[in-house]
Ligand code: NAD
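This document starts with one chain, in the form predicted on its own, laid out as structure tokens.
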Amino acid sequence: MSGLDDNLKSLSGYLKRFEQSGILNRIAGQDHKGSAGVFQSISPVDKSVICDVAQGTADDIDAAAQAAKEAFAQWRDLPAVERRKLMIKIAEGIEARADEIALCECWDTGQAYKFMSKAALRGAENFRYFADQVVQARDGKHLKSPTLMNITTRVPIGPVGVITPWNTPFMLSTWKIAPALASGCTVVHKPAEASPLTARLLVEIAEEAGLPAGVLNTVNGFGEEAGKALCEHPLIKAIAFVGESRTGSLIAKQGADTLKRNHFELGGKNPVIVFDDADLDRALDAVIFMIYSINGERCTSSSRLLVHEAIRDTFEAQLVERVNNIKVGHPLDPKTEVGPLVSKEHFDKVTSYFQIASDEGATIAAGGEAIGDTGYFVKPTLFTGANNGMRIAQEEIFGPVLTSIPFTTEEEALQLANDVPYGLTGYVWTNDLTRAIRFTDQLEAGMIWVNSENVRHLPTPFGGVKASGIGRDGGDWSFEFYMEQKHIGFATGQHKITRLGVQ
């Protein structure tokens, strides 16, 4: 693994092209300036300007949507085996530039190299997985009736919009774009304005692999302008969005007039429930990993610890010791475990909860303060002495901040776990199998892990309930979103047809 100095040297080489030409929109295989000029991408590491970024508007979105429409028929009708070959080439291109992707992502988002070094490879895995599903994506069923041979098939829905977040942008972009392309859809991608670098790398890799012009288009810009235009555009048949629940609600409203199909992966305030019969050493490792890795900036983070009263003091004491030892530092240092938060806006939001916790009567048992003034660094934080009615237990902080809440009975733990607006994930630690079955059956979450951290398996459904989202990613669930079901009935004989108008 490269050290900090080696990574900084490599990054400097990768950034030169961005510093010189900025990031342009990519529409129909051509570079385009933004209709509203440029905005700047700022590194959260030292608050320096990375480069100028084309600021797209409704005009740019319209051009991209038109390009996606014009490319759709060719891409839809390309034999599935040919689409598969292209997607495999894209995966190979991602793997070849994995170091560039990882380092640019670290500098753009503040995420630690320890985790981002694997993010590009996960992106390649997404393309390889959905490439392997391409051939059977249209396969349907034979549903025989007394008079008909009924068959079903699926066809791509058309041009789609993909709006991705800033926390792990490359991996999440591939998570959405790979199944869309595998389905035969064309794409207009609007990356998060806070982390635009790797979206540019992805469209370059795709076109270098041979993806036809207009199949994947990238328009940078802000949600209230470019994002809104994408959600309202009549040529765009569906929107796949990852981000805040509040924004998901806005997108649903914006797409209502065009009856847009939506897939939302939204926020979470996910519980990790630790019973007194759990393997406490493994539970401790998982609790820490699932809130402090990725800077706590992920929707599946276990930001509420529900811990049995009998083990509370010991477990929290071990937490404090471990949390205080987490290495905060430069994201390109391979030893760093937590880097800076993505932007000043997000830094201000996360740090505001330190005062909120004190005002509400919770104890700041670890962290609770910013580090230095060169970047947006905060200490990993643990709140104890909390209850589920506090804002720190109800609101998505989306940072390296854990709120610990005690419980005494299984029924109380379930009530606390479900008593939030969200329902994305849940984590249950117990060695009582019957309890695990009872508890997971009643836990309001789209995804639950028992005696495990979040281990993503691509064929399984990914998504939440309540304010955490609508729809599922993964496996055949992705194709259900990007494709339309079609039924065709073939008469198998001369069945009786009711005759009207005959005397």
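Numbers follow the displayed sequence, beginning with 1. Note that this is a predicted model, so its numbers are computed, not measured.
Omitted from view is the form predicted in complex with nicotinamide-adenine-dinucleotide, to which the following refers.
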Give a yes or no on whether each residue among 18, 173 and 187 has a heavy atom within 4.5 Å of nicotinamide-adenine-dinucleotide in the predicted complex.
no
So nicotinamide-adenine-dinucleotide isn't shown here. In the predicted complex, which residue out of 250, 78, 317, 155 has a non-hydrogen atom within 4.5 Å of it?
250
Within 4.5 Å of nicotinamide-adenine-dinucleotide in the predicted complex, heavy atoms considered, which of 214, 255, 380, 165?
165
Just one of 261-269, 147-155, 105-113, 128-136 has heavy atoms within 4.5 Å of nicotinamide-adenine-dinucleotide in the predicted complex; which?
261-269
4.5 Å heavy atom contact, residue 333 and nicotinamide-adenine-dinucleotide in the predicted complex:
no
Can you tell me whether residue 242 touches nicotinamide-adenine-dinucleotide? I mean in the predicted complex, with a 4.5 angstroms heavy atom cut-off.
yes
Touches nicotinamide-adenine-dinucleotide in the predicted complex: residue 222 (any heavy atom, 4.5 Å)
yes
Taking nicotinamide-adenine-dinucleotide as it sits in the predicted complex, is residue 228 near enough to touch it, meaning that at least one heavy atom pair lies within 4.5 angstroms?
yes
Taking nicotinamide-adenine-dinucleotide in the predicted complex, which residues along 176-200 bring a heavy atom to within 4.5 Å of it?
190, 191, 192, 193
